[in-house]
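In what follows, one protein chain appears twice in different forms, each by itself as structure tokens: structure 1 and structure 2.
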Structure 1
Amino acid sequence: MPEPIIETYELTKYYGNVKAVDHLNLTVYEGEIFGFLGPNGAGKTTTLLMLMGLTVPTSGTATVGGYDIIKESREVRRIAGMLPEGAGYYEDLTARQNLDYIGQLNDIPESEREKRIDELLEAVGLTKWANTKVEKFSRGMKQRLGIAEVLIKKPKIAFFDEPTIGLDPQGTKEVRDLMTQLNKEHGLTIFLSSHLLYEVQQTCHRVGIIRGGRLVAADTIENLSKNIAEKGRMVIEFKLTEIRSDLIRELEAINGVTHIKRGEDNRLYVYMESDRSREVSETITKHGSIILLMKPKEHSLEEIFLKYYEREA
């Protein structure tokens, strides 16, 4: 089991009378991509700022890489980097000059800076534009440059706050693929804050859902899907060669089958109060259709997200 690299203990933050983060207890493990989900105003960015030691909690505390975010905030920032939403760049400088300046701020010697800059420009796919002024960059290129700026100090942990917001589909895919590559090839722990459910589902090993500053769930998507399943109900997904109306009528007549939903691409979702998968399969076969796929229905991250919000309403 990987070691915890981020741990929060009753982490709480007030802005005046507004509670932005509410007694947050959370663990992120070394080497994982953790998705932090919630709508705008849920407390995601405030949590990131506290974890980076950039704002002080009202109460509670946390450790990042073993360092206390209050007492050892400088050490936290030494081993962790953050790409904030709407990150700013020096538009009149080139990509290389931007990275060189960030390297100087992090006290990286000149000879080491040059080597790292070349490696990072290649890693984020900007070598061809190394000497191009950032004012000519697309938003996707700027995000890739921002990721390179985070990585120049070789952090153990990277915090990304809405890194794909505002990007077109191609730019979104490039940033998502880059995060996955950095995690797999370099073991970088990534804390991804987002409200874009599809991106999180495509990228993250585990997710946490925050509402009104309070953590309402944290686990793998698979486990969260199981947790929201309705008590006493099974849903089996079938993909068939053909579906006729007489088949659906006979399936609905099976004792224990509550209802049938028809999906795209010859898919059927059979809802059962108890396991009737054998009778269902036999009925499908009797009607001359071939079962191409049969498995328990998996809930999408959107379904999981909405279900947990319903529970907390």
Structure 2
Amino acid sequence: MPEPIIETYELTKYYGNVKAVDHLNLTVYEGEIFGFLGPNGAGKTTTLLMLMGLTVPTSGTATVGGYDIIKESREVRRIAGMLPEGAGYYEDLTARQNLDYIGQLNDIPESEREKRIDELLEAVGLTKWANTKVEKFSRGMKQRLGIAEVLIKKPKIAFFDEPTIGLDPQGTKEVRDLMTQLNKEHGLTIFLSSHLLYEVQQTCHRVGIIRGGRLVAADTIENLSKNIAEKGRMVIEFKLTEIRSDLIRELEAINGVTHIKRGEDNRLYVYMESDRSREVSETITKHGSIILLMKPKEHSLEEIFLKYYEREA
């Protein structure tokens, strides 16, 4: 049974009248990659900043690794690292110097620091650039330096705020692979804020969906998808050898089938309120047509999340 490592209690942040985060209750378990999804302005960044003690909540609180984010925020920052949105570096310093400074701020003794810096530069592929000033770095290189800065403290939890934004496909894949690897090999709990659905699907075990500062759902993608499917209508796609018009009429007569759509290539889309796939296929066979293909039409990720985003709008 996994232990909760992040728990928020009615966490709230107002900017004037704007409810950036609104009574958020959320649990993240040790060792998981938790995806934090939401449209722009949903309150993802604000939540992360509060958890790391960079912004003070208006009300409510949270614990990270057992530490209270308000009373023990420094302890939180000892065991948790964050790659903030729009993170920046000391442009006049080299990658190594940047890392060294962050290492010093984490009270890592010098010999240990040097060792870790070498390892991290290797891990994020910056060894060749170790002694180059950061002003000469590309965006992707800076992002990798940022990840190294998060990891130098050997955190138990890492917060990444849209870590692949602005990266090319290669860089994106590298960052994702690195996250997965850190999670698998070191048991690092990762809290990933993103609005890239595919990214979340690829990497996250569980997702939380936030909208207008409120948590609308938190579950595995599979379950979220199932929920949407049950609530909405079911669609099954068929490919047949032939389609006669009386077949369509007969199918439409089946109790529970709402309507039929014809597609190209002898395809049929059967819309139903409840699962009638058995009756439908029997009727088709009775009419002498052969079913070449039959599969439930899946909701795309976009569809799923748009449904959640729109809900209680």
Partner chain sequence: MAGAITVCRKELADHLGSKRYIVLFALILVLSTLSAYQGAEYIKDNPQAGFIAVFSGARFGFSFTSLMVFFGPIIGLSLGFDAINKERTSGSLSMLLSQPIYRDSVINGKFLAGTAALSLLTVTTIGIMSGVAMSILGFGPTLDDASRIILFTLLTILYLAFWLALGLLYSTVTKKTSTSILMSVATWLFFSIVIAIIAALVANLLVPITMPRDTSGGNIAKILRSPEFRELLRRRFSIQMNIQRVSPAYLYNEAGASILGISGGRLGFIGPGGGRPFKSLELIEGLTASWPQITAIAAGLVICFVASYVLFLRLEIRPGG
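Whichever C-alpha set is largest while still superposing within 1.5 Å between the two forms counts as the rigid core. Along the sequence of structure 1, residues get numbers from 1 upward. Keep in mind it's a predicted model, so treat the numbers as computed, not measured.
**Q** Sort out for me whether 1 or 2 is the form predicted together with its partner chain.
**A** Only structure 2 fits here, because that chain is the form predicted together with its partner chain.
**Q** Tell me whether E185 is among the residues that move between structures 1 and 2 (Cα shift of 2 angstroms or more, core superposed).
**A** It does not, since the E185 C-alpha is displaced less than 2 Å between structures 1 and 2 after the core fit.
**Q** Aligned on the rigid core, do the two forms place the Cα of T241 2 Å or more apart, comparing between structures 1 and 2?
**A** Yes, its C-alpha moves 2 Å or more.
**Q** Superposing on the rigid core, does the Cα of T61 end up 2 Å or more away between structures 1 and 2?
**A** Superposed on the core, T61 moves its C-alpha less than 2 Å between structures 1 and 2.
**Q** What is the Cα shift of M272 between structures 1 and 2 once the core is superposed, in angstrom?
**A** M272 is displaced by 4.7 Å at its C-alpha.
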